[in-house]
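To begin, one chain is listed below as structure tokens, in the form predicted on its own.
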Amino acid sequence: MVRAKGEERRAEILRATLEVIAERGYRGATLGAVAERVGLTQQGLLHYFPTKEALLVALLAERDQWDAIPGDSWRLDLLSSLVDYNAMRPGVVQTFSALLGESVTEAHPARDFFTRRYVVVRGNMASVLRTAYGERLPSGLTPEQAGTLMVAVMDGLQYQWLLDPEAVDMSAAFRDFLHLLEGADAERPKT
């Protein structure tokens, strides 16, 4: 019973952290602001997460669990569904995007998390494409080449959609990208 309450409180803190980071960015978010949002003192918050960095890493891991699908279970249609799902939760996408953008600096506490995450995500995308197309896509790209591009498209669309949701239909644009991948009759431009 006590453990369940502790887990419930941790989940509440992570939700509040997501909101605060979405509003202020990681650097602008304070433990005090998170604590206040959940009705704790800063010292009380430190009982659950001993540092801001520990809170950030827990939030990122939790966010990945929300979207967890075993790596070998991904399919192209599920990727489209994930983009649709993300379009329904701008706060989560905003927080992820803000942290990703900030993490490119050397000293950012999420840098290692995102670096490792992208190795896994690129591998998963290559696997999805290999399952769908074999060793070469209709364009001639390998699954690894196209997987890197797929991740870039997904994340880039999120930034564009967050900046101008009226002009950018993230779901439709991702489906357009998938259509490009399927373009077997399209001639590859000469370089």
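Just so you know, these numbers come straight off a predicted model, no measurement behind them. Heads up: residue numbers just count along the shown sequence, starting at 1.
Quick note: we don't show the form predicted in complex with another copy of the chain, though the next part is all about it.
Where does another copy of the chain sit in the predicted bound form: which of 38-46, 51-59, 126-134, 139-147, heavy atoms within 4.5 Å?
-> Among the listed stretches, the partner-contacting one is 139-147.
Does the 4.5 Å heavy atom contact test between G101 and another copy of the chain in the predicted bound form come out positive?
-> Yes, contact at 4.5 Å.
Taking 4.5 angstroms as the cut-off for heavy atoms, does L31 touch another copy of the chain in the predicted bound form?
-> Taking the distances in the predicted bound form, the answer for L31 is no, it never comes within 4.5 Å of another copy of the chain.
Any chance E23 has a heavy atom within 4.5 Å of another copy of the chain in the predicted bound form?
-> So E23 counts as contacting another copy of the chain.
Does Q65 reach another copy of the chain in the predicted bound form if we count a contact as any heavy atom within 4.5 Å?
-> Result no; Q65 lies far from another copy of the chain in the predicted bound form.
Counting only heavy atoms, which residues in 93-126 are within 4.5 Å of another copy of the chain in the predicted bound form?
-> The stretch touches the partner through Q94, S97, A98, L100, G101, E102, S103, V104, T105, E106, R111, F114, T115, Y118, V119, R122.
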